[in-house]
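Before any questions on binding or motion, here is one chain by itself as structure tokens, the form predicted alone.
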């Protein structure tokens, strides 16, 4: 305990011997000293200790306001009492019974299908990546076609079909994809097509040219930080229907964030299939594929061995702890005024941040919708991935690192989130930290 230092926002040089040893251990045992594909610079990195509400602490005792929130999973915040209680009560009954029926998953399925407009059937998975992978397989089997169209700059997970043109360094000649990682066979790349988000005319041309081999179009209704133009999603729905191509709505981020009906209800778009993750598990590994009964029923296990059967399984899918967390999350978000409050707080934050950047004469634009907020060094809100590429990413990275040093945790180069657990005090403490980050940024 003697090594735990006084807690305040950000590190500011406060690094305990214990955390220093943890960094060394990570470097020795983990590739790049990281658990996944993201790592912070040495002067901004930390080791998580614990979290509560909209904040967390590192193992040196330093405090941070969290706007990353488990990459959007923790819409209810850290250690929400309802989630903690639900998981604890389920844990004493049993944590896992393999992918067979259990009470908690059945109850969650019933709630889910009542809330999600397209959900005639649902199959649980363990992540958003699992969900998009299985949705694509279902689409291919249903249509008998091989190719999937996605949009440039969209993220649909970590599998080979998804890791194409997610973050290309330059825009490509459509519809050819660019691999984001080594290890993806050319044969897989040849099965994916890419179109520019918000460009309905170019998408129409690509779909018309490839309709005979196209199984589905997969789209994030809000692509990373880019809002759909009026009519784009509606036009996409009409386009896919006219060519007998399935529409997959990737609601891994938007599901339950924009109301209990998600982006489907928000935009009035009913896809053939939809994919989920993040909020539905509230920090536990839960995802889902939902959609039309005739498509989903291809995964009916009684049809094993028959033509058209689609295998969809996972050791932990429908696991009790995740289902219990999902039930508690839906019940919590069903309370009156929850969405109005968090959206209002996020709007206040966006306005206040813009005022600070303007006061410092910085060419930073703050934007976003609902509980998400974003910032770019640009003059206008992006409507395409090309617009994102055109922004000053180097300056943004420098500013984001300074925000983390000041105790505001953001995932560099990505979206920022406000949770229902964030408070007015969190907002009040954020603003001077932003102001100091700007001062430090302008010194360099």
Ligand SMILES: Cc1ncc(COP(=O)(O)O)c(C=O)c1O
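Residue numbers count along the first chain shown, from 1. Everything quoted here is computed from the prediction, not taken from an experiment.
Note that the form predicted together with the ligand isn't included here; everything after this is about it.
Partner contacts here mean any heavy atom within 4.5 Å of the ligand in the predicted complex, and among 88-96, 190-198, 127-135, 341-349 they occur only in 127-135. This chain appears without its partner; in the predicted complex, the one residue of 370, 228, 283, 157 with a heavy atom within 4.5 Å of the ligand is 157.
Checking 76, 252, 108, 217 for any heavy atom within 4.5 Å of the ligand in the predicted complex turns up a single hit: 252. The ligand is not shown here, and in the predicted complex it never comes within 4.5 Å of any heavy atom of residue 319.
Interface residue remark: residue 405 is not counted as part of the site for the ligand in the predicted complex, having no heavy atom within 4.5 Å. Although the partner is absent here, residue 415 is a contact residue: one of its heavy atoms lies within 4.5 angstroms of the ligand in the predicted complex. Remark: residue 257 does not count among the residues lining the ligand in the predicted complex, judged by a heavy atom distance of 4.5 Å or less.
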